[in-house]
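In the block that follows, a single chain appears as structure tokens, in the form predicted on its own.
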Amino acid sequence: MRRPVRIAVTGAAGAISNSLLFKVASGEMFGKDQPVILQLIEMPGRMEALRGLAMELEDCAYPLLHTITLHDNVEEGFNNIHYALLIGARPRGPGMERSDLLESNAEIFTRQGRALNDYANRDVKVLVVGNPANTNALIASRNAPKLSPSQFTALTRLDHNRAKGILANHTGANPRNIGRIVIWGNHSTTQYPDLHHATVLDEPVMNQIDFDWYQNVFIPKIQNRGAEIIEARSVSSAASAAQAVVDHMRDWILGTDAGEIVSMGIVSDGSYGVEKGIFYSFPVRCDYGRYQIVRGLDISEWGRERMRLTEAELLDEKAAVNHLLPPETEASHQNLSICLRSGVTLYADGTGPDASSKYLTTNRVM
């Protein structure tokens, strides 16, 4: 086994985490030889529920689960972490406009960005899950001047997985035989699920499906899948979101399969004509703990119009929170370098949260 890595999870007593944490502790995210330290963060009023979840994790006797610590603030919970999964966010309430949701979550992710800047490992990798994920990622990254914008990502892998699963059901193929799906833009109803580069059994998908079905059934289904699940179950799609988090982080850290494309919400460097500085879902490949945009894909004018629509929504969201984006971090987002500051994981041996956590601490001798 390797030395353990530290993973912080916000909203750790919520529905997504209830599925996610057991996958992480079992080795599904980072591999069966990678021990993990879970630094779980919740609001003060949710700490007893989080303590119960931590007891369940302990009761599973996972060999890879080295330590669990519980925290009611991000400053303590982000101490020396290698990975941050930012799941907790305020949901939209009755009568709330999207601008109200952006404003309320901006405060949360401003604080989290500053805490990552001040307390996390300098090569921390961050995945924002809480919605609106793309703009929350922008807010967090703009408030972390010591970190590279490329260290922040937003979750569009859920949309990518949905597209693969629904296409598999429609074509009768196994999902493992479907590749090169692309999700462009925002994790919202404006996203553009692109099948023009996708394959089923190495043959182009667009030769195997009806275009009317693609345009009028498939695309709206992916765009509205979350709402459809809520209508059917009266709860959000937590389990599939947890799986998408695992898939996103596993590919980012361990690399994508040869020739495969996955979708990640990342800060735009201007590729495909997308405005620089916003978090936009692109096709990427990952290797050596880094991602790289797949360039040179042919985009029709029909496709570009859909890409522009979702870009416009992201620019509107940015404008709504622009007063909360520090101007001194604008340049780093406009002149992006994908490479992190170091090519290796910086282990935090002997460092991290104090062992005397007031809630619960488990710690195993290695």
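Not measured: the values here are computed from a predicted model. Heads up: residue numbers just count along the shown sequence, starting at 1.
Below: the form predicted in complex with a small molecule, not depicted.
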>> For the small molecule, considered in the model of the complex: do all three of Gly185, Val284 and Arg306 come within 4.5 Å of it, counting heavy atoms only?
In response: no
> For the chain seen here without its partner, which of 43 to 51, 25 to 33, 318 to 326, 295 to 303 has a heavy atom within 4.5 Å of the small molecule in the model of the complex?
Replying inline: 43 to 51
> Ser271, Asn161, Asn131, Thr199: which sits within 4.5 Å of the small molecule in the model of the complex by any heavy atom?
Replying inline: Asn131
> Given that the small molecule is left out here, which of Ser237, Ser148, Thr190, Thr256 has a heavy atom within 4.5 Å of it in the model of the complex?
Replying inline: Ser237
> Should Leu155 be classed as touching the small molecule in the model of the complex when contacts are defined as heavy atoms within 4.5 Å?
Replying inline: yes
> Any of the heavy atoms of Ser141 lying within 4.5 Å of the small molecule in the model of the complex?
Replying inline: no
>> Can you work out whether Ile261 and the small molecule are in contact in the model of the complex, taking contact to mean some heavy atom pair no more than 4.5 Å apart?
In response: no
> Is there a heavy atom of Ala168 no more than 4.5 Å from a heavy atom of the small molecule in the model of the complex?
Replying inline: no
